[in-house]
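Shown next as structure tokens: one chain only, the form predicted alone.
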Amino acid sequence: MRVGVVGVGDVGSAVLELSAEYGHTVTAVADSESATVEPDGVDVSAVLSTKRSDGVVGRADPEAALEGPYDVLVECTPTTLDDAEPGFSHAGIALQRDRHVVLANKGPVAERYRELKELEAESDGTVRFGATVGGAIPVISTIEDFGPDRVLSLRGVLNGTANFILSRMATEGLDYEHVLAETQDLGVAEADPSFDVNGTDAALKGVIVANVLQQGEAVSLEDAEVEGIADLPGSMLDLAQEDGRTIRLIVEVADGTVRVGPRLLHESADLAPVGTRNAVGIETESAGQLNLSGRGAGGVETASAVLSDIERLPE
């Protein structure tokens, strides 16, 4: 397929680098200030080199890429809350042109799901968003394959940064502030980690799962019950450890509700992964619980989910 990519951070860059391996041709690239469009295929290496050296991807306006010659638009701009812009508008432009959309940006699916599905219904294009939940872990596609009406609930870890912090606090007996600073030094946590540690990122993923399961009854972030880990004292983890347990930031989705908060688990539980890994249990109507685990974030990992979504698009 001809691929347009909007957003050239870690995920967008990895999509550009991997597209050829999956048999796709990148024909348009845009960041927030510039774009490159080439109907026969852009020189990906040159675009990424220019991005690193000059901070731009080309000389054209970003709108040129949105109106460019692609079959699928991959939206990788940063997630924003409330109006989910500019990601929502980017998806809307592609759908109005009857093009497919693959989202790595959680905002449009979590905050404006109903509007997004309405735009999709009026278009010949299809929207996919498997990369928004669990990175390389096929959470959304597994639910789709089983059938959302046959999935009862989902429970698990969907934020690698919070999981890394809790893992380190438990195994090393360190307090939250110490581990957070260490996590930022390692590049696991952002300079502003609030999105991860206050539970917002995990809640957005839970909301997206709820929207898939509800099939029309849209849920948004404001409907979620969210508690983060920033106020969790290290002594709580010490007490849990004495009883063979640990604490993880758990997302729970069931019956249209989304709850996120620290929960006690046995140290060896399937839903208590260590480090930045994610793990979820999907409770099904007839097959019991399915457990999935793996790398829940990272440029290449999330890009692999984006490219899998492209493979699932209709011709």
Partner chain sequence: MNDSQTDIRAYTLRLELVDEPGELLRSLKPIAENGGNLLSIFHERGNVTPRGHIPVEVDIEATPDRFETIVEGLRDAGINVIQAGTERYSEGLTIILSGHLIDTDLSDTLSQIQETKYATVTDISLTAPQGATDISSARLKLATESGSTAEVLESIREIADEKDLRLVEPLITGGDV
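Numbering follows the first chain given and starts at 1. Nothing here was measured: the structure is a model prediction, and the numbers come from that model.
Although it is not shown, the form predicted in complex with its partner chain is what the next lines describe.
At a distance of at most 4.5 angstroms from its partner chain in the predicted complex, all three residues L239, I247 and L264 contribute at least one non-hydrogen atom. Heavy atoms within 4.5 Å of its partner chain in the predicted complex are found in exactly one of 30-38, 66-74, 47-55, 282-290, that being 282-290. With the partner removed from view, the residue among A230, I93, L174, L81 that has a non-hydrogen atom within 4.5 Å of its partner chain in the predicted complex turns out to be A230. In terms of contact with its partner chain in the predicted complex, the residue from E190, D243, D223, D185 that brings a heavy atom within 4.5 Å is D243. Although the partner is absent from this view, D61 stays clear of its partner chain in the predicted complex, with no non-hydrogen atom inside 4.5 angstroms. With a 4.5 Å cutoff on heavy atoms, R97 does not count as touching its partner chain in the predicted complex; it lies far away. Among residues of the shown chain, K117 is not one whose heavy atoms approach its partner chain to within 4.5 Å in the predicted complex. Under a 4.5 angstroms non-hydrogen atom cutoff, its partner chain in the predicted complex has L271 among its neighbouring residues. With contact defined as any non-hydrogen atom lying within 4.5 angstroms of its partner chain in the predicted complex, R155 is the only contacting residue in 143-163.
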